[in-house]
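Shown here is one chain on its own, the form predicted on its own, set out as structure tokens.
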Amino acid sequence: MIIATGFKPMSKDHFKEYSPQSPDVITSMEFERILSSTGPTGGELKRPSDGTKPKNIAMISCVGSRDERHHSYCSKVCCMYMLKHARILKEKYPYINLYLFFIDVRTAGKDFEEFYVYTKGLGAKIIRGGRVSSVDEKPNGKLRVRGFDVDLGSPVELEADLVVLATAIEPPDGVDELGRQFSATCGREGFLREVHTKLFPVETSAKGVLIAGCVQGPKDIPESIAQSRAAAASAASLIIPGKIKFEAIVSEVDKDKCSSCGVCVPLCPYNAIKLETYKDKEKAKIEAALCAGCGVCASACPSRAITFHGFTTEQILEQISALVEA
């Protein structure tokens, strides 16, 4: 099973300081549609409020990202897609005044820094500093943007016809419930958690359940493609041999000792235990391919009917005796 649900952009309605009620304050996803030839304006740049062509555009990064009030993580792709939008605009409409507000510019990636330098050369104005404090509607229909320029060391105030918010990447709705269905855990940010960031980046805590793309965390298209291929290869490695290999350290039920109480069934975090008929009674059975050897069932069993391979009391006593005799 490969889970690849994608992401959802954070709504602008969370940011009252940026006048989200204004039709001329839009998200980057909405702006992407305006620039697209298949979008609502056929690729023509128009203000949503009156259909006129804006002359001054402000873009604001990290809206909801790197913010303890909302999401502490970096959404990773905002800096580069803001620069992409800026390059498209300046190449098509060189007369437009374009202001890009960044906390700081993050261009980690192949040829990204060169892209950044080229976009600045086209005339896009980069304003680095703290978070933009406010976007206010003016009586004349314009928008007043207030921020701070760390290079100038002074506050900045400008008038814009259109404001574009680079809102945070969020996990899609229902991903936590989906994770519970497949025994995959969520991190504190709401994305599905991998077993190990470096060694097992697409495996979850549930065997055979893999993740790819933004369901694991914010990432760009090349990284999503690389992770999807890794997930596909991991899935194929389980399917192609026709057999599933698992660790020898798994739980086992002595059905003659099992009292059929069923206590272990709901406690198993990997859904590896079920009841099956044995000598006209319902007895616990552990699916070895799903068992992770966590020991929850063995510790909870009132009949002491569940043990680990290699960890029975008799085996441990034999090991101790062997060590003492040696």
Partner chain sequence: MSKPKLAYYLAGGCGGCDIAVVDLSETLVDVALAVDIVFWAPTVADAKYKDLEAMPDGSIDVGLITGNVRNSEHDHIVKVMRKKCKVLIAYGICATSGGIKSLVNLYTTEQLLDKAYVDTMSTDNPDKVIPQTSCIVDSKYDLTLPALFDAKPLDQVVSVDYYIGGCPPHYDHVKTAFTALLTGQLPPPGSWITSGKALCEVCGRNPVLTGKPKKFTTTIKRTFEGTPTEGACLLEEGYLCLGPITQGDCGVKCPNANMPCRGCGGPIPGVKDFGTRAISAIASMLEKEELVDEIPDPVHLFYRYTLAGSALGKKLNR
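Owing to the predicted nature of the structure, the values given are computational and were not obtained by experimental measurement. Each form is matched to the other, and the largest set of C-alpha atoms that superpose within 1.5 Å is called the rigid core. Residue numbers count along the first chain shown, from 1.
Although not depicted, the form predicted together with its partner chain is the subject of the following passage.
*Asks:* Any idea which of 55 to 63, 42 to 50, 291 to 299, 28 to 36 reaches within 4.5 Å of its partner chain in the predicted complex, heavy atoms considered?
*Replies:* Within 4.5 Å of the partner lies stretch 291 to 299.
*Asks:* Taking its partner chain in the predicted complex, would Lys257, Val263 and Leu267 all count as contacting it (heavy atom within 4.5 Å)?
*Replies:* Yes: each residue has a heavy atom within 4.5 Å of the partner.
*Asks:* Closest heavy atom of His14 to its partner chain in the predicted complex, within 4.5 Å or not?
*Replies:* Taking the distances in the predicted complex, the answer for His14 is no, it never comes within 4.5 Å of its partner chain.
*Asks:* Using heavy atoms and a 4.5 Å limit, would one call His70 a contact residue for its partner chain in the predicted complex?
*Replies:* Looking in the predicted complex, residue contacts with its partner chain do not include His70, since no heavy atom lies within 4.5 Å.
*Asks:* Do Lys283 and its partner chain come within 4.5 Å of each other in the predicted complex, heavy atoms counted?
*Replies:* Result yes; Lys283 sits at the interface with its partner chain in the predicted complex.
*Asks:* I'd like to know if Ser303 sits close to its partner chain in the predicted complex, meaning any non-hydrogen atom pair within 4.5 angstroms.
*Replies:* Heavy-atom contact with its partner chain at 4.5 Å: present for Ser303.
*Asks:* Using a rigid core superposition, assess whether Ser299 undergoes a CA shift of 2 Å or more between the shown form and the other one.
*Replies:* Ser299: C-alpha displaced by 2 Å or more between the shown form and the other one.
*Asks:* Return yes or no for Cys268: a CA shift of at least 2 Å between the shown form and the other one, with the rigid core superposed?
*Replies:* Yes.
*Asks:* Please state whether Ser37 has a C-alpha shift of 2 Å or more between the shown form and the other one, with the rigid core used for the fit.
*Replies:* False for Ser37: its C-alpha shift is below 2 Å.
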